[in-house]
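Single chain ahead, written as structure tokens, the form predicted on its own.
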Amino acid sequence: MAPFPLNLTELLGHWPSYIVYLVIGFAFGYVLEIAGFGNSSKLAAQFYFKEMTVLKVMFGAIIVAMVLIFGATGLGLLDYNLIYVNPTYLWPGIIGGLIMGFGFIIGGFCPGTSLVSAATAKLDGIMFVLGVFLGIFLFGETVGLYEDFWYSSYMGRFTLMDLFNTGVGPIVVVVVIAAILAFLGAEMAEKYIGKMPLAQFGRWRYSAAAGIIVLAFVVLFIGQPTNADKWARMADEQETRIENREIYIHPGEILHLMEDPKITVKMIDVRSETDYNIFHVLDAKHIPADQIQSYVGEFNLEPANTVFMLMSNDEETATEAWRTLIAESVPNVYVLEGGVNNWVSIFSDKEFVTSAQVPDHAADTLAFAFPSALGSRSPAADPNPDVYELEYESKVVLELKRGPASGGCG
């Protein structure tokens, strides 16, 4: 398992971890201030191509962070699945970006830089922050009028790798080269429009540009760990959990969890579509085992009180899907004990269990012959928890998320 990101809450406790957040926030604000980002004239000048410091600092920070993050993930030091990425709502994001850009031009600040300016008692920064609070208040009072649009065009954790359907390495190289070209264009604008002497920037920037390009190609060369690589790093510990049957949850405990208002149970049926159509537990979502990895981003955005319950006909396929999700750091993943066959044998009437059993059925296949494709219309698909008195050992323990639950600029 990758050592980073650290689980600060687990290491330091809830409130002490806020000291770290405070130090990082103060350091971020200090860097913005000494870079001149508390000056609205300096910030607004970029829109007139006279002073491009904002573009160079922001884009420079983006590519340095990108290279370090994916370099660290390539070396197995960092788990990218635990890095928070804002989910994409395409059209609301575009409209929101245009509104923020318009406010940036006329006000000279973005939300973060306005706080830096206000912290140093600049009047324009204070007025901008008051405007931000007014905008937040008006948004909160009116969002109900356009809530459908606000939640429209949801694309989840959508990145450039998803957009261009390619790996991390090529994207890192292309973005770094694009940034270097943008820096060259920005300096030309500063020279000919802003009348700034480029000699003041120093020649060290050429070495820095060459260094970041070299590091980008290093990221391309070392690649990113596959699911199998990630599993290999944790296999010893996690296989012990399988051998001790810590991950297999009795159907009675699942029924109990489904009745708990503090817990959200997501049942994932990884069998074939044919078996799913013949019988499935009510509200179980069908995701074939070979597609389970593509849902990792969606699963990691679920609240911390979500429990994922995987099920196949017996346990074999669901256990393999469990290995895939655990390797991708999805928290609170378990497997239905005995699979769907065990669920049917417990919650169906005895006559059906006796008469419909398939003798000598193959491993991880349905052990019962249903008269037709019932889906969730069988009584066993939605058992009444008050009818059954089942004895079981409770095993589900909610684990804290290692990564941040939210984030983003401003």
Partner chain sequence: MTTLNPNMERNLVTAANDAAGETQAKPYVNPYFAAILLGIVLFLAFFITGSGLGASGGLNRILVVAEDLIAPGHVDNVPYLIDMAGGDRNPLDNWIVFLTLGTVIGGFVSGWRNKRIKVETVKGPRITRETRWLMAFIGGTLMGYGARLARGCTSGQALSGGAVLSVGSWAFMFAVFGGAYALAYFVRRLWY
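For clarity, every value in this text was computed on a predicted model and none was experimentally measured. Numbering follows the first chain given and starts at 1.
The same protein also has a form predicted in complex with the partner chain, omitted here; what follows describes it.
Engineer: Is it the case in the predicted bound form that Y21, M52 and Y80 each bring at least one heavy atom within 4.5 Å of the partner chain?
Structural biologist: Per the other structure, all of Y21, M52 and Y80 touch the partner chain.
Engineer: Can you pick the one in M234, A72, M267, L257 that has a heavy atom within 4.5 Å of the partner chain in the predicted bound form?
Structural biologist: None of the others qualify; the residue that does is A72.
Engineer: Give me the residue from P225, G338, G108, P331 that has a heavy atom within 4.5 Å of the partner chain in the predicted bound form.
Structural biologist: The option sitting close enough to the partner is G108.
Engineer: Which is the contacting stretch out of 243-251, 317-325, 289-297, 170-178, given heavy atoms within 4.5 Å of the partner chain in the predicted bound form?
Structural biologist: Answer to the contact question: 170-178.
Engineer: Heavy atom to heavy atom, is H361 within 4.5 Å of the partner chain in the predicted bound form?
Structural biologist: Outside the cut-off, so no.
Engineer: Contact with the partner chain in the predicted bound form for A210, defined as at least one heavy atom pair within 4.5 Å: yes or no?
Structural biologist: Outside the cut-off, so no.
Engineer: Is E302 part of the interface with the partner chain in the predicted bound form - any heavy atom within 4.5 Å?
Structural biologist: Because no heavy atom of E302 falls inside 4.5 Å of the partner chain in the predicted bound form, the answer is no.
Engineer: Within a 4.5 Å heavy atom cut-off, is D382 in contact with the partner chain in the predicted bound form?
Structural biologist: Flag for D382 set to no.
Engineer: Does any residue in 82-110 get within 4.5 Å of the partner chain in the predicted bound form, counting heavy atoms only, and if so which ones?
Structural biologist: If the 4.5 Å heavy-atom criterion is applied to the partner chain in the predicted bound form, 82-110 yields L82, I83, Y84, V85, N86, T88, Y89, L90, P92, G93, I94, I95, G96, G97, L98, I99, M100, G101, F102, G103, F104, I105, I106, G107, G108, F109, C110.
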